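As a starting point, one isolated chain is supplied in structure tokens, in the form predicted on its own.
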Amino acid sequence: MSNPALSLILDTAVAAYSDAKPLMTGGHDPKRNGFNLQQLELHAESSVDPYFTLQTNIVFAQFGVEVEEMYAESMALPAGLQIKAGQFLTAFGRINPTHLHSWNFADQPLMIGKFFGSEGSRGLGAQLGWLLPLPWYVELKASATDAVGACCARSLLGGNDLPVRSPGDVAYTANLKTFVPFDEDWSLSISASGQAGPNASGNGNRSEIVGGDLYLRFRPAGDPERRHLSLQMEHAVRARQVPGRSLVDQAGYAQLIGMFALRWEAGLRTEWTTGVADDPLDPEWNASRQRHSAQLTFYPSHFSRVRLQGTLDRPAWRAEPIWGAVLAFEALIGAHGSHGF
């Protein structure tokens, strides 16, 4: 057993919105005019023995402490299999399994907040991963987790902490992902995801979410300026059973990110959601919403960044759009593992 690798990541921001209630949906979003502590994350990871690793992410906010993730992963299973057990972000799409410090914008996409909750889809449970024996990269992940929590299972049981009486009372999530490198400069990752579980509208009623995502990147090999351009898209459709009918809505986003010079990045993002009239499970979000954002980021080093972001938010149930500007700062100390592609 080795000493754990430790890191601290600070994310803070100053924000200005045209409305005192800017309708931010993420738990770490800058939610008010003035100064915001988005989070201070303590990350620790280490090998336990030749068979398992242990990782944890503990988040300190202005008014409390939260265990965001804590899980063990296997290291030595045969046939390309891997087991994860503990509390973790589920493998739905690209954004949900990641943390704030790996995002290209200062706030969580609306799709995650609307369908999963302020912290994304997360829960106590277990996950099985399988790297398929194919000539190219294909990975399947499937998990079973708690279906409760307003923060993390909004489309399922949400804040209704009901007991588990059968296998149908938990949430099941699956993701099938493939990665294709076209050449030294171009690469593509695509995946399909699904989640199903009970909701609180009545005995036996369930919710299902299906989605797809795409990540296309151009990064010239050997470029000393490390310039690159990426297109990332996600879209999901949600269906919830309620007495007498099914509620169907959808949400997604598309973003274009470019590193146009050493240490400088710029990005554009557009988001969309629909709503269901007279929605008994989501009455505060029963109409469409569009949000458009632009960001400019400077990286003083690999361990810090300064980001300026502007946002135009158009909820259909508001007479006027909401304008916003955010200046965010991030700093990292310690050892932190690399992020996935």
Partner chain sequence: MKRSLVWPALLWATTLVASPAQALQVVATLPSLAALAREVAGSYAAVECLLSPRQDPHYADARPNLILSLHRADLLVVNGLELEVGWLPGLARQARNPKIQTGAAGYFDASMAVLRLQVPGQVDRAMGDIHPGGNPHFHLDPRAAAHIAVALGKSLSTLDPAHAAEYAKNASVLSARLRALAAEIAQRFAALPEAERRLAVYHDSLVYLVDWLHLKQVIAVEPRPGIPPDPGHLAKVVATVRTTGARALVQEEYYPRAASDQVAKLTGMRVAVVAGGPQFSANQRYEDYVRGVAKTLYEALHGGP
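Positions refer to the first chain, counted from 1. Small disclaimer: the values here were computed from a predicted structure and weren't measured.
Another form, the form predicted together with its partner chain, is not on view; read the next lines as being about it.
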Spot the stretch among 206-214, 145-153, 242-250, 182-190 with residues whose non-hydrogen atoms come within 4.5 Å of its partner chain in the predicted bound form.
182-190
My question is simply whether residue 219 lines the interface with its partner chain in the predicted bound form - judged by any non-hydrogen atom within 4.5 Å.
yes
Residue 45, heavy atom within 4.5 angstroms of its partner chain in the predicted bound form
yes
Distance check, residue 333 to its partner chain in the predicted bound form, heavy atom within 4.5 Å:
yes
Contact with its partner chain in the predicted bound form for residue 97, defined as at least one heavy atom pair within 4.5 Å: yes or no?
no
So its partner chain isn't shown here. In the predicted bound form, which residue out of 87, 82, 230, 118 has a non-hydrogen atom within 4.5 Å of it?
82
Within 4.5 Å of its partner chain in the predicted bound form, do we find a heavy atom from each of 14, 17 and 61?
no
Going through 225-260 from first to last, which residues have a non-hydrogen atom within 4.5 Å of its partner chain in the predicted bound form?
225, 226
